[in-house]
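Shown here is one chain on its own, the form predicted on its own, set out as C-alpha coordinates.
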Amino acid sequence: MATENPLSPEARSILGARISRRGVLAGAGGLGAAGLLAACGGSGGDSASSDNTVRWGNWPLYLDFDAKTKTYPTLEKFSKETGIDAQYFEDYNDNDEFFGKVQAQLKLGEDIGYDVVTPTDWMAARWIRLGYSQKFDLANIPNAGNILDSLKSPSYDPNRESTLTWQGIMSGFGWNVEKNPKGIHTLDQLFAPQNKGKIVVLTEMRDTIGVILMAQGVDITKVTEDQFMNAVDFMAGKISDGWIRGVKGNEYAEDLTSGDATAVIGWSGDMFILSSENEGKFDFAIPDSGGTISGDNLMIPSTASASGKANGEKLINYYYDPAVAAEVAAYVNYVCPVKGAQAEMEKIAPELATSEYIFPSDKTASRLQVFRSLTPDEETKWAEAFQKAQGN
(Lines give C-alpha, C1' and ligand atoms only; values in the text may rest on other atoms or scores of the structure.)
Protein backbone atom coordinates (compact mmCIF):
# COMPACT_ATOMS: atom_id res chain seq x y z
CA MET A 1 0.00 0.00 0.00
CA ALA A 2 0.98 3.68 -0.06
CA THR A 3 2.62 3.22 3.34
CA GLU A 4 5.59 1.63 1.59
CA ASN A 5 4.95 2.12 -2.13
CA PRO A 6 3.55 5.53 -3.16
CA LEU A 7 1.66 5.75 -6.42
CA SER A 8 4.05 5.19 -9.28
CA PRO A 9 4.60 7.88 -11.93
CA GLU A 10 3.59 5.27 -14.50
CA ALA A 11 0.24 4.68 -12.80
CA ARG A 12 -0.35 8.41 -12.52
CA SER A 13 0.43 8.97 -16.18
CA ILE A 14 -1.89 6.18 -17.28
CA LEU A 15 -4.83 7.62 -15.45
CA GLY A 16 -3.86 11.22 -16.05
CA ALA A 17 -3.76 10.68 -19.79
CA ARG A 18 -7.08 8.88 -19.88
CA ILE A 19 -9.06 10.76 -17.28
CA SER A 20 -9.77 14.24 -16.07
CA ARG A 21 -13.29 13.55 -15.00
CA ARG A 22 -13.82 16.25 -12.44
CA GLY A 23 -12.93 18.82 -15.09
CA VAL A 24 -15.68 17.40 -17.30
CA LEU A 25 -18.19 17.58 -14.47
CA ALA A 26 -17.23 21.16 -13.66
CA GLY A 27 -17.41 22.13 -17.33
CA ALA A 28 -20.91 20.74 -17.50
CA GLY A 29 -21.97 23.25 -14.88
CA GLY A 30 -22.71 20.56 -12.33
CA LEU A 31 -24.97 18.63 -14.68
CA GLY A 32 -22.79 15.54 -14.34
CA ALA A 33 -21.75 12.92 -16.85
CA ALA A 34 -24.98 11.00 -16.41
CA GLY A 35 -26.94 14.07 -17.45
CA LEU A 36 -24.76 14.44 -20.52
CA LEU A 37 -25.53 10.89 -21.58
CA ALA A 38 -29.06 10.09 -20.52
CA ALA A 39 -31.97 11.76 -22.24
CA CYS A 40 -33.90 12.11 -19.00
CA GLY A 41 -30.92 13.84 -17.41
CA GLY A 42 -32.20 13.38 -13.86
CA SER A 43 -32.16 10.67 -11.24
CA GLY A 44 -33.07 7.36 -12.79
CA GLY A 45 -35.43 6.86 -15.69
CA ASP A 46 -38.72 8.71 -15.79
CA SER A 47 -40.72 5.63 -16.70
CA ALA A 48 -40.46 1.87 -16.83
CA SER A 49 -37.68 0.72 -19.12
CA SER A 50 -38.51 -0.35 -22.66
CA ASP A 51 -37.67 -3.81 -23.96
CA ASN A 52 -34.25 -2.72 -25.20
CA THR A 53 -33.23 -0.45 -22.28
CA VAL A 54 -31.39 -0.97 -19.02
CA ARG A 55 -31.08 1.79 -16.38
CA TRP A 56 -28.18 1.56 -13.95
CA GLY A 57 -27.77 3.62 -10.77
CA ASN A 58 -24.19 3.72 -9.49
CA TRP A 59 -21.70 5.78 -7.48
CA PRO A 60 -19.59 8.65 -8.92
CA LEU A 61 -16.15 7.89 -10.39
CA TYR A 62 -17.07 4.23 -10.61
CA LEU A 63 -16.97 3.40 -14.32
CA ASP A 64 -14.38 3.99 -17.04
CA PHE A 65 -14.96 7.41 -18.61
CA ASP A 66 -13.53 9.11 -21.70
CA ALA A 67 -13.33 12.85 -21.03
CA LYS A 68 -12.89 13.73 -24.70
CA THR A 69 -15.98 11.95 -25.97
CA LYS A 70 -17.91 12.22 -22.69
CA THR A 71 -18.80 8.54 -22.89
CA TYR A 72 -18.20 5.38 -20.89
CA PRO A 73 -16.22 3.16 -23.30
CA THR A 74 -17.17 -0.23 -21.85
CA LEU A 75 -20.82 0.76 -21.60
CA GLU A 76 -20.79 2.01 -25.20
CA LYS A 77 -19.32 -1.32 -26.28
CA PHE A 78 -22.01 -3.20 -24.36
CA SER A 79 -24.74 -1.29 -26.15
CA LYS A 80 -23.15 -1.91 -29.56
CA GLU A 81 -22.76 -5.63 -28.87
CA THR A 82 -26.26 -6.18 -27.49
CA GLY A 83 -28.41 -3.46 -29.03
CA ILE A 84 -29.50 -2.52 -25.49
CA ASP A 85 -29.70 1.20 -24.68
CA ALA A 86 -27.73 1.49 -21.44
CA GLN A 87 -28.63 4.56 -19.39
CA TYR A 88 -26.17 5.30 -16.59
CA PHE A 89 -26.83 7.51 -13.56
CA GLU A 90 -24.30 8.61 -10.94
CA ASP A 91 -27.05 8.83 -8.35
CA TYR A 92 -25.37 7.29 -5.31
CA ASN A 93 -23.76 9.56 -2.74
CA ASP A 94 -24.68 7.61 0.39
CA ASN A 95 -26.47 4.27 0.89
CA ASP A 96 -29.13 5.59 3.28
CA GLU A 97 -29.75 8.64 1.13
CA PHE A 98 -30.32 6.56 -2.00
CA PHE A 99 -32.52 4.04 -0.20
CA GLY A 100 -34.58 6.84 1.30
CA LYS A 101 -35.20 8.20 -2.19
CA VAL A 102 -36.67 4.94 -3.51
CA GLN A 103 -38.04 3.20 -0.42
CA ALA A 104 -41.64 4.37 -0.75
CA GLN A 105 -41.84 3.23 -4.39
CA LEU A 106 -40.26 -0.11 -3.54
CA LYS A 107 -42.84 -0.64 -0.80
CA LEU A 108 -45.66 0.15 -3.24
CA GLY A 109 -44.15 -1.98 -6.00
CA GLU A 110 -43.80 1.04 -8.29
CA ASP A 111 -40.96 1.56 -10.79
CA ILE A 112 -38.00 3.30 -9.11
CA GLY A 113 -36.28 4.33 -12.35
CA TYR A 114 -33.50 1.72 -12.20
CA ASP A 115 -33.10 -1.85 -13.43
CA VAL A 116 -29.72 -2.27 -11.73
CA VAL A 117 -28.65 -0.69 -8.45
CA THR A 118 -25.33 -0.84 -6.59
CA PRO A 119 -25.76 -0.94 -2.79
CA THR A 120 -22.96 -1.73 -0.34
CA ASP A 121 -23.00 -5.14 1.38
CA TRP A 122 -24.98 -4.15 4.47
CA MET A 123 -27.54 -2.23 2.44
CA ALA A 124 -27.81 -5.09 -0.05
CA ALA A 125 -28.67 -7.28 2.94
CA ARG A 126 -31.52 -4.88 3.81
CA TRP A 127 -32.92 -4.91 0.26
CA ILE A 128 -32.92 -8.70 0.27
CA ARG A 129 -34.43 -8.93 3.76
CA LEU A 130 -37.27 -6.60 2.78
CA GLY A 131 -37.97 -8.39 -0.48
CA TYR A 132 -36.83 -5.48 -2.63
CA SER A 133 -34.50 -7.49 -4.88
CA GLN A 134 -35.06 -10.13 -7.56
CA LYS A 135 -33.20 -13.42 -7.80
CA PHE A 136 -31.01 -13.80 -10.85
CA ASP A 137 -31.65 -16.23 -13.64
CA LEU A 138 -28.05 -17.44 -13.47
CA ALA A 139 -28.37 -19.05 -16.89
CA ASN A 140 -28.20 -15.45 -18.17
CA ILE A 141 -25.02 -14.75 -16.17
CA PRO A 142 -22.55 -17.54 -17.02
CA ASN A 143 -19.66 -15.24 -16.08
CA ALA A 144 -20.91 -15.25 -12.47
CA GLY A 145 -18.54 -18.16 -12.00
CA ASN A 146 -15.67 -15.68 -12.33
CA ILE A 147 -16.29 -14.14 -8.91
CA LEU A 148 -13.33 -14.47 -6.55
CA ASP A 149 -13.58 -17.42 -4.20
CA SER A 150 -13.36 -15.10 -1.19
CA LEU A 151 -16.56 -13.35 -2.32
CA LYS A 152 -18.65 -16.38 -3.27
CA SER A 153 -20.75 -16.80 -0.13
CA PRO A 154 -21.52 -13.63 1.84
CA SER A 155 -23.85 -14.11 4.80
CA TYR A 156 -26.59 -11.96 3.25
CA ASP A 157 -26.61 -13.87 -0.07
CA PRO A 158 -24.75 -17.17 0.49
CA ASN A 159 -25.53 -18.60 -2.94
CA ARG A 160 -25.12 -15.30 -4.80
CA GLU A 161 -28.69 -15.53 -6.06
CA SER A 162 -29.41 -11.79 -5.90
CA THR A 163 -26.04 -9.99 -5.90
CA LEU A 164 -22.62 -9.97 -7.48
CA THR A 165 -19.83 -7.72 -6.24
CA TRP A 166 -19.22 -4.69 -8.42
CA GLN A 167 -16.03 -3.52 -6.69
CA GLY A 168 -14.34 -4.12 -3.36
CA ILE A 169 -13.83 -1.08 -1.13
CA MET A 170 -10.89 -0.50 1.19
CA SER A 171 -11.17 2.37 3.65
CA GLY A 172 -8.34 4.02 5.50
CA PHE A 173 -6.59 7.37 5.75
CA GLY A 174 -6.25 9.88 2.91
CA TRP A 175 -4.29 13.10 3.14
CA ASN A 176 -2.87 16.19 1.50
CA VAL A 177 0.84 15.45 1.11
CA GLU A 178 1.92 19.07 1.50
CA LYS A 179 0.08 19.42 4.82
CA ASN A 180 1.04 15.94 6.05
CA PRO A 181 4.51 15.27 4.58
CA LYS A 182 5.11 12.26 6.85
CA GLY A 183 1.80 10.68 5.88
CA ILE A 184 -1.01 9.45 8.12
CA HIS A 185 -0.84 5.92 9.42
CA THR A 186 -2.39 6.20 12.89
CA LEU A 187 -5.43 7.87 14.42
CA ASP A 188 -3.15 10.20 16.39
CA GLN A 189 -1.54 11.34 13.12
CA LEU A 190 -4.97 11.97 11.63
CA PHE A 191 -5.75 14.30 14.52
CA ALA A 192 -2.47 16.18 14.27
CA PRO A 193 -2.59 19.98 14.86
CA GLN A 194 -2.24 20.90 11.17
CA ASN A 195 -5.47 19.05 10.39
CA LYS A 196 -7.68 20.57 13.06
CA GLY A 197 -10.93 21.76 11.52
CA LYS A 198 -9.99 20.18 8.20
CA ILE A 199 -10.80 16.51 8.75
CA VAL A 200 -13.68 14.79 6.96
CA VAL A 201 -14.94 11.30 7.73
CA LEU A 202 -17.34 9.09 5.81
CA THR A 203 -21.11 8.86 6.20
CA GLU A 204 -20.66 5.11 5.80
CA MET A 205 -20.92 4.15 9.46
CA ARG A 206 -19.08 0.85 9.16
CA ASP A 207 -16.08 2.45 7.48
CA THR A 208 -15.66 5.48 9.75
CA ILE A 209 -16.45 3.76 13.02
CA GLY A 210 -14.70 0.60 11.83
CA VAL A 211 -11.41 2.45 11.33
CA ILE A 212 -11.79 4.15 14.74
CA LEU A 213 -12.63 0.84 16.44
CA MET A 214 -9.61 -0.91 14.97
CA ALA A 215 -7.39 1.95 16.16
CA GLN A 216 -8.86 1.30 19.61
CA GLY A 217 -7.84 -2.34 19.37
CA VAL A 218 -11.31 -3.75 18.65
CA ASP A 219 -11.95 -6.71 16.35
CA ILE A 220 -14.80 -5.35 14.20
CA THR A 221 -15.86 -8.86 13.20
CA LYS A 222 -16.94 -9.30 16.83
CA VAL A 223 -17.64 -5.72 17.96
CA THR A 224 -20.01 -5.30 20.90
CA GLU A 225 -22.54 -2.52 21.39
CA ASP A 226 -20.49 -0.96 24.21
CA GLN A 227 -17.40 -0.89 22.02
CA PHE A 228 -19.34 0.61 19.13
CA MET A 229 -20.89 3.33 21.29
CA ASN A 230 -17.49 4.19 22.74
CA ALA A 231 -16.14 4.78 19.23
CA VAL A 232 -19.20 6.89 18.35
CA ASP A 233 -18.61 8.99 21.46
CA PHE A 234 -15.00 9.48 20.34
CA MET A 235 -16.17 10.75 16.95
CA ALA A 236 -18.79 13.00 18.54
CA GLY A 237 -16.12 14.52 20.76
CA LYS A 238 -13.89 15.27 17.78
CA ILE A 239 -16.80 16.94 16.01
CA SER A 240 -17.77 19.07 19.01
CA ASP A 241 -14.14 20.03 19.65
CA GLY A 242 -13.79 21.29 16.08
CA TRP A 243 -11.44 18.65 14.74
CA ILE A 244 -13.86 17.06 12.27
CA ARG A 245 -15.43 19.55 9.87
CA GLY A 246 -17.88 17.17 8.25
CA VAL A 247 -19.25 13.67 7.84
CA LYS A 248 -19.79 13.18 4.12
CA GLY A 249 -20.40 10.77 1.28
CA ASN A 250 -18.45 10.86 -1.99
CA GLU A 251 -18.31 14.66 -1.93
CA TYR A 252 -15.43 14.52 0.58
CA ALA A 253 -13.17 14.38 -2.49
CA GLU A 254 -14.23 17.92 -3.40
CA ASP A 255 -13.26 19.12 0.09
CA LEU A 256 -9.77 17.76 -0.46
CA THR A 257 -9.34 19.33 -3.88
CA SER A 258 -10.64 22.71 -2.67
CA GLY A 259 -8.33 22.69 0.36
CA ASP A 260 -11.21 22.70 2.84
CA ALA A 261 -9.99 19.31 4.04
CA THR A 262 -6.43 18.13 4.53
CA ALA A 263 -7.10 14.65 5.94
CA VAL A 264 -9.91 12.11 5.70
CA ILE A 265 -11.13 8.68 6.52
CA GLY A 266 -11.78 7.81 2.89
CA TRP A 267 -11.79 5.16 0.18
CA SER A 268 -8.74 3.86 -1.64
CA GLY A 269 -10.08 4.24 -5.19
CA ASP A 270 -11.10 7.87 -4.70
CA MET A 271 -7.70 8.70 -3.26
CA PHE A 272 -5.89 7.03 -6.14
CA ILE A 273 -7.81 9.08 -8.69
CA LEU A 274 -7.36 12.29 -6.68
CA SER A 275 -3.63 11.69 -6.59
CA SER A 276 -3.53 10.89 -10.29
CA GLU A 277 -5.43 14.07 -11.20
CA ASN A 278 -3.42 16.32 -8.91
CA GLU A 279 0.20 15.32 -9.58
CA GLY A 280 0.56 13.27 -6.42
CA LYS A 281 -0.83 15.94 -4.11
CA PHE A 282 -2.80 13.31 -2.19
CA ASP A 283 -2.00 9.87 -0.82
CA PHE A 284 -3.67 6.96 0.96
CA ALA A 285 -2.73 4.20 3.38
CA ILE A 286 -4.34 1.37 5.25
CA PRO A 287 -3.91 2.35 8.93
CA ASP A 288 -1.25 0.55 10.92
CA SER A 289 -4.07 -0.77 13.08
CA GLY A 290 -5.96 -2.01 10.01
CA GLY A 291 -8.67 -0.84 7.65
CA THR A 292 -12.09 -2.02 6.57
CA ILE A 293 -13.09 -3.82 3.40
CA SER A 294 -16.57 -4.19 1.98
CA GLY A 295 -18.18 -4.44 -1.43
CA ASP A 296 -20.72 -2.65 -3.58
CA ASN A 297 -23.08 -5.03 -5.32
CA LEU A 298 -24.87 -5.29 -8.64
CA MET A 299 -28.52 -6.01 -7.82
CA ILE A 300 -31.83 -5.99 -9.68
CA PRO A 301 -34.63 -4.28 -7.74
CA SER A 302 -37.97 -5.97 -7.24
CA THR A 303 -39.65 -3.26 -9.33
CA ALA A 304 -37.66 -3.91 -12.53
CA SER A 305 -39.77 -5.22 -15.41
CA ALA A 306 -39.12 -8.62 -16.98
CA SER A 307 -37.21 -7.00 -19.83
CA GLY A 308 -35.35 -4.71 -17.43
CA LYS A 309 -34.30 -7.74 -15.38
CA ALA A 310 -33.16 -9.69 -18.44
CA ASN A 311 -31.21 -6.71 -19.75
CA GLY A 312 -29.73 -6.13 -16.31
CA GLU A 313 -28.52 -9.73 -16.22
CA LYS A 314 -26.87 -9.24 -19.61
CA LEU A 315 -25.17 -6.10 -18.28
CA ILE A 316 -23.92 -7.91 -15.18
CA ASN A 317 -22.63 -10.83 -17.23
CA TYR A 318 -20.77 -8.43 -19.52
CA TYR A 319 -18.97 -6.74 -16.63
CA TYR A 320 -17.91 -10.11 -15.23
CA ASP A 321 -15.87 -10.78 -18.36
CA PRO A 322 -12.23 -10.54 -17.14
CA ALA A 323 -11.13 -8.26 -19.98
CA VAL A 324 -13.98 -5.82 -19.34
CA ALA A 325 -13.43 -5.99 -15.57
CA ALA A 326 -9.76 -5.12 -16.09
CA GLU A 327 -10.64 -2.08 -18.21
CA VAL A 328 -12.99 -0.82 -15.50
CA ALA A 329 -10.44 -1.53 -12.76
CA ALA A 330 -7.79 0.48 -14.61
CA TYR A 331 -10.07 3.49 -14.17
CA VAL A 332 -11.72 3.07 -10.79
CA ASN A 333 -8.79 1.46 -8.92
CA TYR A 334 -10.95 -0.37 -6.42
CA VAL A 335 -10.53 -4.05 -5.57
CA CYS A 336 -11.48 -6.06 -8.65
CA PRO A 337 -13.78 -9.02 -7.84
CA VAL A 338 -13.31 -10.92 -11.10
CA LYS A 339 -10.99 -13.89 -11.61
CA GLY A 340 -8.72 -13.49 -14.61
CA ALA A 341 -8.82 -9.69 -14.57
CA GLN A 342 -5.28 -9.41 -13.23
CA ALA A 343 -3.91 -11.33 -16.23
CA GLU A 344 -5.95 -9.08 -18.55
CA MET A 345 -4.57 -6.01 -16.77
CA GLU A 346 -1.05 -7.15 -17.69
CA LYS A 347 -2.03 -6.59 -21.32
CA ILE A 348 -3.47 -3.08 -21.00
CA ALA A 349 -1.65 -1.51 -18.02
CA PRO A 350 1.05 -3.78 -16.57
CA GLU A 351 1.95 -1.20 -13.91
CA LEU A 352 -1.53 -1.60 -12.45
CA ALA A 353 -1.45 -5.40 -12.47
CA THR A 354 0.65 -5.24 -9.30
CA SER A 355 -1.40 -2.47 -7.68
CA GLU A 356 -2.39 -3.18 -4.10
CA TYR A 357 -5.39 -0.94 -4.67
CA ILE A 358 -6.82 -3.32 -7.28
CA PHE A 359 -5.31 -6.72 -6.52
CA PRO A 360 -4.40 -6.72 -2.81
CA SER A 361 -1.67 -9.13 -1.78
CA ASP A 362 -2.26 -11.60 1.02
CA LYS A 363 -0.23 -9.31 3.28
CA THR A 364 -2.51 -6.35 2.59
CA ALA A 365 -5.65 -8.47 2.82
CA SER A 366 -4.58 -9.65 6.25
CA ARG A 367 -4.78 -6.04 7.50
CA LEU A 368 -8.40 -5.61 6.40
CA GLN A 369 -11.53 -6.60 8.29
CA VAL A 370 -15.21 -6.84 7.40
CA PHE A 371 -17.57 -5.14 9.85
CA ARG A 372 -19.81 -7.84 11.31
CA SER A 373 -23.43 -8.22 10.26
CA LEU A 374 -25.94 -6.42 12.46
CA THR A 375 -29.39 -7.51 13.49
CA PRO A 376 -32.25 -5.24 12.37
CA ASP A 377 -32.51 -3.85 15.92
CA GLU A 378 -28.77 -3.21 16.11
CA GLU A 379 -28.78 -1.58 12.69
CA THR A 380 -31.49 0.85 13.79
CA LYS A 381 -30.00 1.64 17.20
CA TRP A 382 -26.42 1.96 16.04
CA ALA A 383 -27.31 4.05 12.99
CA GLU A 384 -29.35 6.40 15.18
CA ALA A 385 -26.37 6.84 17.52
CA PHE A 386 -24.10 7.54 14.54
CA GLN A 387 -26.53 10.13 13.17
CA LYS A 388 -26.93 11.78 16.58
CA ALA A 389 -23.15 12.10 16.88
CA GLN A 390 -23.20 14.07 13.62
CA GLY A 391 -25.83 16.43 15.02
CA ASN A 392 -28.68 14.96 12.96
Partner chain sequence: MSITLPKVRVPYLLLFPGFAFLFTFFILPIVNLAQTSTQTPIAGGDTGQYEQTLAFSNYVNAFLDNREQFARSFIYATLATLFALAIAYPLAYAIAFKSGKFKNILLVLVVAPFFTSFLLRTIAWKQILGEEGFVVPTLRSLHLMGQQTTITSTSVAVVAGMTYNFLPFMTLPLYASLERIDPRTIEASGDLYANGLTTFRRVTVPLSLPGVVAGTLLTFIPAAGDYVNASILGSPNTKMIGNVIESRYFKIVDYPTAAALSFTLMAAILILVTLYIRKAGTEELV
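Given the structure is predicted, the values throughout are model-derived calculations rather than measurements. Numbering follows the first chain given and starts at 1.
From this point on, the text means the form predicted together with the partner chain, which you will not see here.
The shortest heavy atom separation between residue 109 and the partner chain in the predicted bound form exceeds 4.5 Å. Among heavy atoms of residue 306, none comes within 4.5 Å of the partner chain in the predicted bound form. In the predicted bound form, the partner chain lies farther than 4.5 Å from every heavy atom of residue 85. Shown alone here, residue 239 lies within 4.5 Å of the partner chain in the predicted bound form, counting heavy atoms only. With respect to the partner chain in the predicted bound form, the three residues 265, 270 and 339 uniformly fall beyond 4.5 angstroms at the level of their nearest heavy atom. Checking 185, 160, 314, 281 against the partner chain in the predicted bound form, a heavy atom within 4.5 Å turns up for just one residue: 281. Contact with the partner chain in the predicted bound form, judged by any heavy atom within 4.5 Å, is made by just one of 260, 81, 233, 137: 260. Stretch-level contact analysis of 209-217, 72-80, 142-150, 244-252 against the partner chain in the predicted bound form, using heavy atoms and a 4.5 Å limit, identifies 244-252. Using a 4.5 Å cut-off on any heavy atom, the residues of 357-387 that reach the partner chain in the predicted bound form are, in sequence order, 376, 379, 380, 383, 384, 387.
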